[in-house]
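One chain is shown next in C-alpha cells, namely the form predicted alone.
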Amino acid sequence: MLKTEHSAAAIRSVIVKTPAKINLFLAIRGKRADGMHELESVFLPLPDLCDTITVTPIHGREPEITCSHPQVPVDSSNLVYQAAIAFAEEAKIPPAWHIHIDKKIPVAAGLGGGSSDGAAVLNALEEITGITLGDSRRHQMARQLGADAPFFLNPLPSLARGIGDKLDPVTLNCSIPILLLNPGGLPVSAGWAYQRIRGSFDDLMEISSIPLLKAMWEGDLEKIARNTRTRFNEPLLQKIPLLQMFFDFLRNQDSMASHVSGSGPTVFAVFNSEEQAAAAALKAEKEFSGNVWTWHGAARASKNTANSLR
C-alpha cells in the first residue's frame, strides 16, 4: 500500500549520489526456464565512485532526462526514464520530473551504473513526492529495471543469488584497496557475456563463495584476494585482448588479485594499500596512454547485522 507523507520535499529538487559496484565473486549455477541464469555473486559497493542524480519537478506529462555523458541515451531506453514511468504509474501521478545524471561510472562497464541510476531514481522520487512504495514493491520495481538494480536500493556488501536479485547483506571487517582499469570505448553488454557461458556451469561443491565471505568476516585482506573469482574472465579476454595486457600489468604491480567485474570489460585489482593502488593507477595511465580509464579507492568496512555463510 502506498503511503503519502506531506512535506516540503514535494516542491524542491532532490540530489542523490549512487555508487558503482564490483563483483568480488561470480559463479554461474545454471540456466532458468525464462532464459536467465542462476548465479551466486558477492556484490561490493564503491562509495567513492558515484553518479549524481538530480530530480526536479516540472510542468508536463513525461520525464525529461539529461546526462553529462554524450553516449548515454536520454529516451525511454534509459533505466532512469523507465524508473520514473514505473513510479508514476504506481503512484497514479504524472511523471513530471526533470532528471539529470552526472555520470562518473563508465557506461556498460560491468560496474552497475545504469542499474544504480535507476534504483536511485526510485529512492529520490519517494523523497520528492512524499509517497512511500514499501520495501516489497520498491524491490519488485527495481527488479523490473535490471537483475542487479535491487542491490542499489540499499547498497551494502551482499551475497546475491537467483539472477542477482536475492540479496543477503554480509559483513566486511576491513577496507579493500581497489584499482579499476577500463578500456575506454569498448562497452560490453551483459547479454553478450552470458551467451558465452554455453551450458557450462559452476558446481556448488567445487566453487563456493563461503571462503570469501569468511575472509570478509575475518577482515583478512590476503584471504579475500585469494578467494575472488569471476566466470567472465575467459570470454572477455577473447573479445578484448587488451585485457590480457591489463592483467599482466597488474601482476607486475604486485596486485593481490585481478578479475573482470561483472560482465566486464572493467578489470578490478585488489592491492595491499590505497597508496599502492594509486601508484599503479598513475603507471597504468602512462603505460596505456589514451586506451585506459582508471579509478582507485577502497571498499569500506561495513559491519552488517547479518552474515550469510549458510
Ligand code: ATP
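Please read these numbers as outputs of a predicted model, since none were measured by experiment. Sequential numbering from 1, following the sequence displayed.
The same protein also has a form predicted in complex with this ligand, omitted here; what follows describes it.
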Subject >> Contact stretch among 208 to 216, 172 to 180, 68 to 76, 135 to 143 - heavy atom within 4.5 Å of this ligand in the predicted complex >> reply: 68 to 76
**OP:** Using the partner position in the predicted complex, report whether Ala120 sits within 4.5 Å of this ligand, counting heavy atoms only.
**Re:** no
**OP:** With heavy atoms only and a cut-off of 4.5 Å, decide whether Lys223 touches this ligand in the predicted complex.
**Re:** no
Original post:
So, in the predicted complex, is Gly164 in contact with this ligand at a 4.5 angstroms heavy atom limit?
Top reply: no
Original post:
Could you tell me if Lys104 has a non-hydrogen atom within 4.5 Å of this ligand in the predicted complex?
Top reply: no
Original post:
Exactly one of Ala108, Leu159, Ile128, Ala88 has a non-hydrogen atom within 4.5 Å of this ligand in the predicted complex; which residue is it?
Top reply: Ala108
**OP:** Identify which of Pro95, Pro235, Pro155, Gly114 has a heavy atom within 4.5 Å of this ligand in the predicted complex; exactly one of them does.
**Re:** Gly114
